[in-house]
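Next up: just one chain, as structure tokens, the form predicted alone.
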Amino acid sequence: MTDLFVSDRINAVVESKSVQLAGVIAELRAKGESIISFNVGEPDFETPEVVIKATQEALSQGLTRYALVPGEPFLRQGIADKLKRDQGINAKMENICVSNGSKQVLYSIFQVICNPGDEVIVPIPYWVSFPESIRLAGANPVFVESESGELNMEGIEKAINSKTRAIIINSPNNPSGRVFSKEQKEKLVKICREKNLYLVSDEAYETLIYGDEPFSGPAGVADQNLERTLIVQSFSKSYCMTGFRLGYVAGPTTFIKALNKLQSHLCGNTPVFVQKGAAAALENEKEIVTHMRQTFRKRSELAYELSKEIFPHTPKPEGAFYLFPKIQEELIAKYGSDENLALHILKEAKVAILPGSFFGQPGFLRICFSTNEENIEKGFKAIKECL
């Protein structure tokens, strides 16, 4: 039987490799193997009770019908208030569109701002969905190499040409755990103003930073009126709402109007009962986030010290819940690649981690410490023994 036709744009993208690995791990567990997960970027905390209660109340009140495409006013205003409170951004409801998770936000952004053949600059290392979201718009990701996870500002400027439409960054960074400096963010905003580009800023881990300074993205640093910056945000990481699939974008009103047109055909709206849960998360953010941040800071210190014993070139994480050690040359020589090393660790140590090549940076490993301290200690002990 002849295979049915599949479009070129789908053939041009690859399935999320982290999702593929999750399938392999599920198969091992189905066979009775006990696997420690250092691979899944998901907080191990339960969804806050206040969020569950608000969602349940919305369901019992019958808030289950069609709703406004960009999100209900109560949630968009809550998001605008948060942006003003936390980063000094002059946002209004009209600057916000709520979508089904930050993955849909990213897909929609590039559908709106890119024509076929356009380019988007993607610093390495990058989150796995960035380049595929760009390719799905018929555009091309242009990768810029970096050292130790820092932004290569000179390389970014050199990559700009007449086809460039945007630069995308993620800080705190997945996979490196880096928090980019205020000076770098100011420079990026300046470049985008001068070159008439969008600056797409994925800020999913904004509440999970371990330094003394509060988080501020490019808009908070140098674009308070959202003239160039598109803030991509999720309720998944900060509020332990991964299964709720809710995210949003904040940006110029002209962009939001264009995105609303797309969303009106793409999904219509996000569920109102989910939006009610998200509003409760925003209203109770301090109580939700404080304990979680303290816990992850403690875990980051433990994981960092244990990782250094095995992989000496482990940068100290500044945010999110990831380590991104560089693999020493003798291990690369022994196992051949970061993917082979990660597979060896999975099979022999029964610990799941991700190779840096998934994130555009071969020769590294991404180790997620979003699990309890006992598992962190057991996992690193097993890795050490298998090497």
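In this text the structure is predicted, and so the values were computed from the model without any measurement. Start at 1 with the first residue shown and count on from there.
The next section is about a form of this same protein that is not shown, the form predicted together with a small molecule.
- Interface residue among Arg245, Arg299, Lys187, Arg135 relative to the small molecule in the model of the complex, by the heavy atom within 4.5 Å criterion: Arg245.
- For the residues Ser307, Gln275, Gln263, Ser102, the 4.5 Å heavy atom test against the small molecule in the model of the complex is passed only by Ser102.
- At the 4.5 Å threshold, heavy atoms of Thr229 stay clear of the small molecule in the model of the complex, well away from it.
- Interface residue remark: Ala204 is counted as part of the site for the small molecule in the model of the complex, having a heavy atom within 4.5 Å.
- The small molecule in the model of the complex comes within 4.5 Å of a heavy atom belonging to Ser236.
- Although the partner is absent from this view, Ser176 stays clear of the small molecule in the model of the complex, with no non-hydrogen atom inside 4.5 angstroms.
- Stretch-level contact check against the small molecule in the model of the complex with heavy atoms at 4.5 Å: of 117 to 125, 196 to 204, 159 to 167, 282 to 290, the positive one is 196 to 204.
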